[in-house]
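This document opens with one chain alone, in structure tokens, the form predicted on its own.
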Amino acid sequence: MFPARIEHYARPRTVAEALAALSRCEPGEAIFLAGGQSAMQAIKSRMLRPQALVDLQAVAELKGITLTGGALTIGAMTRYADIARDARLGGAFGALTDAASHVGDRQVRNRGTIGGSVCWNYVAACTPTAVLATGGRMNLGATSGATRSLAADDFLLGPLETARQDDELLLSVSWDAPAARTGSAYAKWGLVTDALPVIGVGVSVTQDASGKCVQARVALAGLAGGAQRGPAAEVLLMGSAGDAATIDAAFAALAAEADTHSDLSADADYRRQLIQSLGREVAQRAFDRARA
């Protein structure tokens, strides 16, 4: 596989230089290169034919994890491996480390980035689903100097589609300080250990002082529609104490509601079973982390 001809290459050292390099190109002509784990494959197969590449590897201000007063910000160029080994990201942010620990193989985790993953928004990907389950926000900067912040629900539009405009760069993903007694978890099932998820499930729950669930977010990976919320499960988890019977009922309802499909990896019925079995495991772990 050989890429189509690429006319221009830039390796900026700052966000300002990256946006300036983008501004010199026509809309849609250039792409940002993050870890390159997905983009380079698409370029080699000519699924993508950019005229220009803006390589973000040297932009230090896009890297790093900041936790201040409970609020979390992860730079768009922060690698999965750095997220996976950050001991501060338990409890409410456990789904992020769960997902980052099992993205691809070791080589992918040491090159791939959170920003690249959410902007690529592949149909079967762990990171967008974990970000959606935990209620992350995408912070964007434009060549005009304008900035904006979008909730994951509004940013992730569908497979390979996001709300990022051609003149924008994802700067970071952020989360407000979580409420007390909040926990989250994520797990996937693939054909082999490092495979893309046939089904992935992310869950975030918040309990009140009595142990009752007062907030629930559930997200799925591996369906034809890409990363998506699971409202049927969310409704049933609300008000519960995270007991096994309620969790089972919640994910049975989600499995019945989900638009599953059949392909070479699994048939629709098997995907529904995975939603139930994985959902049970992940929700229980999220409740356990909320209680810790």
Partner chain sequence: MPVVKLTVNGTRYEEEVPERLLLVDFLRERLALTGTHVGCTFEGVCGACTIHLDGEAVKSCLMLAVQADGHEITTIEGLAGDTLTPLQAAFREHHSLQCGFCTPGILMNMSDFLRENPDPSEDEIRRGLVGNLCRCTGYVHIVRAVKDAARRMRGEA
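Residue numbers count along the first chain shown, from 1. Only a predicted model underlies this, so the values are computations on that prediction, with no experimental measurement involved.
Missing here is the form predicted together with its partner chain; even so, the following discussion is about that form.
- The putative spot formed by Lys212, Gln215 and Gly239 is not touched by its partner chain in the predicted complex; no residue has a non-hydrogen atom within 4.5 angstroms of it.
- In short, of 200-208, 133-141, 218-226, 79-87 it is 79-87 that has heavy atoms within 4.5 Å of its partner chain in the predicted complex.
- The shortest heavy atom separation between Thr147 and its partner chain in the predicted complex exceeds 4.5 Å.
- With a 4.5 Å cutoff on heavy atoms, Gln57 counts as touching its partner chain in the predicted complex.
- Though the partner is left out of this view, Asp153 does not reach within 4.5 Å of its partner chain in the predicted complex, counting heavy atoms only.
- Under a 4.5 angstroms non-hydrogen atom cutoff, its partner chain in the predicted complex has Gln37 among its neighbouring residues.
- Contact annotation for 21-58: residues with any non-hydrogen atom within 4.5 angstroms of its partner chain in the predicted complex are Leu33, Gly36, Gln37, Met40, Gln41, Lys44, Ser45, Arg46, Leu53, Asp55, Gln57, listed in sequence order.
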